[in-house]
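Subsequent text provides structure tokens for two forms of one protein chain, presented individually as structure 1 and structure 2.
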Structure 1
């Protein structure tokens, strides 16, 4: 394995060298950063030409200039990385250092959210092949796959930002919208859990009535102006999560796992007010991390309490339940800052932004207000990227799982009397992940390319905006900095995909 990794790294270095050499020379010969200055009649144009020629080494032939740039890149190994200066006389490293976290924040959230949702819907669609839910997911996947990202982004800005902000000025949900939303909710849950027609309509009726009642209560209490969950709702949702996680992880019939998960849900309910006190007085990322560690330790302790053997699945079930329940409490604390956030002068009653990655006018030391501002700016561009990526994950997951379920070893597992949950989670899921691991690299890179358009529409100053700026201004050093970083991501992504293959399938030996 080590020898394989070293060989791949060596080949990757050659690929990076060759691609960067071609891109540098093609860009250098195709552009002239001094063209506009040569045509200018400004008295200072001549001086600017001299300064740019000196600073950017424009009097040196491009092939030789490339090795001057490469010398600065190789300075990384002696602690003196130098990617050159931009046309505005700022450091390329500083420009990248500002843009990389912005794009990573956008792409990583979109990638993992689309991955989780897409795989969940794809698995359910495959397990319920040719059902109402399967047809609905197939239609949704093809619909989203055909829509251009810029059109989705513009629609989100119009209806989820501008129109929603207008709605908050006089919040009142018409009864017709309540009924339509409840019908859609009833159809979704009926298709998801329904089977025969009678079962479908019973689930539809329950979901319709529940959703209509919730929307009526929200409208009556103006919940969207001062939202929150409260301890009762956190406790009920935590209990539901405990049952759901247990049924997926080990099966509800596993009594130790079920009791551990329900105990974790009960602890979440009991710790609601203590957790809120901690958040109010010690709000920080360190506090959130320490609480996650406490949840993990509690899950391990519960596995030892409820079982003396096979504690791994029980601990896993309890920890997942605890983290999801903790996320509910954390979400509730963020919601409590909503009214204060809307009342600030920077927001002025229009909390869903359409431009930028945060409000520069919002100057506060409040940890929760700052994070709510980041989250509110993250919602629309992330949702745009999720929608274009979700379609691919649904279709690929469905196709991959259906192919695996038709294999002989799956038939053998069923013939041995294993229940369907065990067959899917223990036998099919791991093999289904093989083709998806290679797809993951392409999806991440596709999201980065989609982020270029999304950043432009929503005014984010990330890698996409930086790359377009470099092209428009003929800034070769800045362009090479962006290209080098993206090339490294491509190479590392493919290496990680190959390594995942060997982890998921022990028959694959990469070292041979």
Structure 2
């Protein structure tokens, strides 16, 4: 194994050397950093040409200049990495150091949300193969697959930012919209649960009525201007979550687990007001972390109270329920800052922005306002990224699970009388993950390289924007910095994917 890894790393270094040499020379010959200055009739152009030629060694032929650049890169081994300067005289390392976290913030949430949603839809699709839901999801997947991101981005901005902000000036939902949205919701839930026509219609009717009522209430209370969940809704939703989590995690027939989860939901309801006090007085990431620790400890304690044996799954169920309920309370708290956020001078009543990472004019120490600002800027680009990557995950998960479900061992599991939940979550789910894992590594690599178009359209200064800038301004050092980082990631990512595969599947041996 070790020798295999060493060999792979050795080959990688040769590849990196070759590719960087090639890219450097291609880029150097294809571009002329002085192009604009040569045409300039400005008084200062002459001095600029002198300075750029001096700073970027433009008088050295590219193949030799490459080794000057390489010398700086190899400085890494003596603790003195130097990727050179950009043509605007900032250090390439600093530019990369700034761009990577920005890209991560943007793409991390989107990728994981897309992954979870896509897998959920894919799994349900596969379990209800050839149902209304399956066809609906297939249609949705292909629709999303065929949409270009810049177009989605423009539409999202138009309808979810510009129009929504206009709507907020006088938030009144027309009755026709309420009915249409309710019909859509009814169809979605009806299709999701499937079954007989009668069942479909009853679920449809229930969802339709609920949705209509909720929208009516929202409209009546100007909920958009003062959103929140309130203790009662938090309690109700937590109870629902408790049942849902239990049914997937252990099955509702597991009484201790069900009771532990319901107790957790009840605790969430009871802690609503104390939580407000904590959030208002100690709003910070540390508080949230400590609360999560508290939930985990409570979950373990609950498992001890409700059972003497097999406590692991019970604690797990309680903890997941607790964290999701806690998330509801947290969401509620963030929502409470909405009205204050809208009223700030920086927001000026138009809270959904179309670009940027933060409202820089919003200078406040309020933890919740700051987070609301971060979230409001994340919403649209994240949504755009989710929409375009969702389709792949849906289709891939569906295909992968269907293949697994047709295997002999699944038939065996069913034959020996296991219930469907156990068959799917224990026997099918794990094996389904295998092909997805290599896809996932590729996706995570994509995170760092940045979502070029999304970043540009939404004004995020991440890796993608940096790469585009390097190309557009003929900035060779910057381009090489971006390129080097990405090639290292690709080479490394492939190695990790291979290793991961052998870890997940014991049948695969490396290096033989």
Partner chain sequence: MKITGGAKLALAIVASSALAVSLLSPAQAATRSTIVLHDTNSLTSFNSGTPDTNLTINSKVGNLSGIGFLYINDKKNVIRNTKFGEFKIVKNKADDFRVEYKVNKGLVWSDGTPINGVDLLLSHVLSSNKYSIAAGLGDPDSDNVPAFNSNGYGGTYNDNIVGEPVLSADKMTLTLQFKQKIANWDLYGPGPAAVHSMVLIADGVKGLQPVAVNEKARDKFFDAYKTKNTAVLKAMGKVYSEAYNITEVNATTNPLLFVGNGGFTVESAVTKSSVTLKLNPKYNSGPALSGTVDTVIFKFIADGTAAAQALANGELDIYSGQPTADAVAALKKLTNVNLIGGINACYEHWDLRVGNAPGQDEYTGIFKGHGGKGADLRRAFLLSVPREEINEKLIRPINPGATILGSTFIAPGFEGYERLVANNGSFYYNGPQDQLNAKAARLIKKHYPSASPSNPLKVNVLVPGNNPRRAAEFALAKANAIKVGFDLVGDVQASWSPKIQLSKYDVQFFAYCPSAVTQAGSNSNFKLGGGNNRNGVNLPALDKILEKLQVPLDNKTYITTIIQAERIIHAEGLTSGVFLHPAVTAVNKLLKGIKPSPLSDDVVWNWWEWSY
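Being a predicted model, the structure only gives us computed values, none of them experimental. Residue numbers count along the first chain shown, from 1. For the two forms, the rigid core is made up of the largest set of C-alpha atoms that agree within 1.5 Å on superposition.
Remark: structure 2 matches the stated condition (the form predicted together with the partner chain). The candidate at the hinge, the spot where one rigid part hands over to the other between structure 1 and structure 2, is 459 among 275, 173, 459, 315. Of the two rigid parts that make up the chain, the smaller rotates 9° against the larger between structure 1 and structure 2.
For residue 485, the displacement of the CA atom between structure 1 and structure 2, after superposition on the rigid core, amounts to 2.7 Å.
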